[in-house]
Each structure stands twice: as C-alpha cells, then as structure tokens.
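Take a look at this one chain, the form predicted alone, written out in structure tokens.
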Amino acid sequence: MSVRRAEIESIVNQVLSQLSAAAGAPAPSETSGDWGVFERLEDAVAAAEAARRRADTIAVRVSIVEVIRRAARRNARRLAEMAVQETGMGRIEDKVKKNLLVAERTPGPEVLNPSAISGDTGLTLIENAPWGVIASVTPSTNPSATVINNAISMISGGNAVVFAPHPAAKRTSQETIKILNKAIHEEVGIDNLLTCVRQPSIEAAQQLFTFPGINLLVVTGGEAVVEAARDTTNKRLIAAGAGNPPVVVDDTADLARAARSIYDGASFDNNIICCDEKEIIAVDSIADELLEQLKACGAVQITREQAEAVAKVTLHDYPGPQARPNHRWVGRDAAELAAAAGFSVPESCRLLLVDVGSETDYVFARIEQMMPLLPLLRARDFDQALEWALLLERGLCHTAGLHSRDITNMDTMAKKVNTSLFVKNGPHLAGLGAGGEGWTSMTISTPTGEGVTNASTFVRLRRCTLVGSFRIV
C-alpha cells in the first residue's frame, strides 16, 4: 500500500504536536508573548533560544519550513495589501508575487550537506552547525517577503530569529511573524521560533547589535543602518546594503527584448527592490530606438523640466551634493510623482523616463532613488558606457546588468563589475530567481560579501575529527 507524501507529513506533524503537548508546552499567552511579539527584548531573545532548542533535528526543520511555505502562500495577498496600506510603497500585485516567490523559491534544509575527509590518519566530519539566535534587521520596502525569506533560511540552519522590523512597517512585519508562529504552533507544536519587540525603534535595533544571547547579526537595509551596525556590533555581521544598479545597452542588443526587460524590472513594485535597474546607460547610436521601445512597453518619457520638478518635491537637500530620497516618496506610483510635481501622466503608467544625455552627475543617476523614474544616459560607445556604469554603481558591489549580443562585451563587463549580481539580457530580478535560474532571497549581502543568501549562509562550519583508522578501503 502506497502512502502519499502529504499523508506522511500530516502524520509526522500530528506526532510532533502530540509530543509537544505531552511535554507540557503551553500555548502563547500574555506572559509568554503574543505569538512571538514581546514587550521586552530580553523576553524575545529568551523565548527564541528556548524554541530553537526544540527544533533540533533536520526532520523537524523540514516540517517547519513546509509549514511556513504553506502559511506564506495562504496569506500572500493579505500581507501585500497590508504592506501597501501601511507604508504607501509599491504595488499590491507585485508584493503578492514577491511573497509567493520567497515562499516557493527560498531553499530549505536540503541545501545543507555535511562533508567528510578521510585518510590514513582517520576521519574528519564537517557539519553545518547553527549560530543559535540570529538578530535580523528588516526594511520597510519588503517587510513580509524579508521576514518569510529569512525565517525559512535561518530556521533551516537550526536557528531561531529575533526580528527588528523597520518602524514604518511594524504592523505588517509583526503580522507576518504572528501568522508563521501560529502555523508552526498548530502543526508542529513549537512556539516563538520567530520573535520581535512590540515597539520597534532605532534604539531597539541598536540594542540587538550588542545584546547577550545574539550570536549573529543580519542587517537588510540602507547604507545608514549597515554603517551603524558595523560601528556598533561585537557580533558576526552579515549586511545587505544599498545599491545603485546600472544597466548598459550596447549597439548589438536586441532592443525590443532589452526594453521589455528594463521596463518589467525597473517598474516592479515601483522600483523599491535594491537590485532593480536604477539608471540606463545606452550607446548613443541606439538610444533613440531604445526610448521608443520603452515607450511601446508603456513607459512615459518626461522632459528635463518635469524631472526637475519631481526632484524638488521628492528629494531632501536638493539641489546639492547631499540630495537623497524623501522617504515619503519612495516606492510611490509614477502618476503620484507626476501629480506632486505639477503635471499628469496616465494612471496606468508604471515608469517615467528622462533623457539626460551625458550628464553622469545627474541626481537621479547618482543616487539610489527607489522610485519609478529612470534616467537614460547616452554613451559614445560600449567602453564609455562601462566606465559610466562603474562610476554610478559607486563600488557598492550590488547589481549591474548588460543587454548585448557581443560575447566580448559580456566578458569584459563581467570581469570589471565587482557586483554580487550581474544579469545579462534580462530584468535584474532574474538574478534573484524571478525569471532566471537560481534561488531567491530578499537579503542580498553585498558589503560583507555573502551574496544571495540561503540556509548555508546562516550556519557555522564545525569539524569533528576521529584520529586513527576508520576507513573501509
């Protein structure tokens, strides 16, 4: 008689839940936290540590990850709607896609494999060991998706997580934590693998940077929070910082394909994903045709004067070298940006374009604006386009892209850009497994070099050595 996988999972979950009940594990209460949300940081850390010790086998972790995936899929739309309502950033349909992407394409414990070394002097086993309790600082741009993604990756490595959500997205982040904790409690019988404090703040996050019982700090956010963590923490740090990804289009590119890729990538969720295309650098001989192809996709070209009006509304300290995005306008719809600047575009418009010629110091080219407004620069040839791409990427080591049929240009740019993601002939999102091969992550660790993270990022490698003969050959 054959037993389906779903039936086996159901039996395993029932047994785990019964064992938990027999051990006297209480359901969450006001004194033990509100499904992972605690009043005090010390209680959140202690609860996470206690929970981690109960998820101490691969089989339990596999079961927990499957529970998280199902809960995330069920609640993908509700969490997307909540994020847009709370933060005002992005598009509901795109956030639904992000939530589903991380639920389905974040690797679980299956990516963790021990290795062994054997020889005349014995055997050494190399294991993927947990760090313990991880502190995860999460952004307002991708609140539910980052919590889901990091929960799967970190629990797969045997860890528990104390989250420090951005205050602007605390309701969505906390609701995601509660949803996942409830699902784990109901199906596996373990509470508080994911925790946070009820009132997130900069001060609360800074406490985590040095808090006892936290062994690894993971920061997903802008340059300021990454620098604060670097300056403060005494923990091992994995940092996912800002980017300013350029996309180069040379004179051999399939322009229709390039335009569609850039439009889809740069307009996705109103450009708030850090790997999204932030500026186009096109070889001048094809720039006019590329603009026409982009407009055929639905982009709207605006004048320099209109772009100037947008800058005055949406940037702090503009004009000037310290110009930076006003958080109030990050991730807003293109039509909303236009209206604030005193002109109109169709409500259906997802992307604004402005031709800035050879002005590499143009404000929307040199800063990570995270708005659906893309400058297009005109380079003399591929060599100049690559030079400008390196300049505008600013050494952030995040993401860059190229549209080309010239394998030499692909090879040259691949060797010169020192980015965690380099995408050719597709939207930058393909580098995160959305339309391209590979796994996905909302924590792209560029300042500290881990790249697109997964469970193997959040483990310690430990050796266990047996001295003496232990071989069969």
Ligand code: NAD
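Since the model is a prediction, treat every value here as computed from it, not as a measurement. Don't overthink the numbering: it's just position in the shown sequence, from 1.
Beyond the structure shown, there is the form predicted together with the ligand, which is absent from this document and is the topic of what follows.
For the chain shown alone, V197 is not a contact residue for the ligand in the predicted complex, no non-hydrogen atom being within 4.5 angstroms. Mapping the unseen interface onto this chain, N142 counts among the residues with a heavy atom inside 4.5 Å of the ligand in the predicted complex. The ligand is not drawn, but in the predicted complex it has no heavy atom within 4.5 Å of A296. The ligand in the predicted complex comes within 4.5 Å of no heavy atom belonging to C349.
The candidate spot formed by P165, T220 and T443 lies fully in contact with the ligand in the predicted complex, as each residue has a heavy atom within 4.5 Å of it. Comment: 206-214 is the region of 180-188, 309-317, 206-214, 334-342 lying near the ligand in the predicted complex, near meaning a non-hydrogen atom within 4.5 Å. Screening A228, I286, I126, I92 for any heavy atom within 4.5 Å of the ligand in the predicted complex leaves a single hit, A228. A heavy atom within 4.5 Å of the ligand in the predicted complex is found for one listed residue only; from L237, L390, A242, L112, this is A242. The partner is not shown here, but in the predicted complex the stretch 385-421 reaches within 4.5 angstroms of the ligand through a heavy atom at H398 alone.
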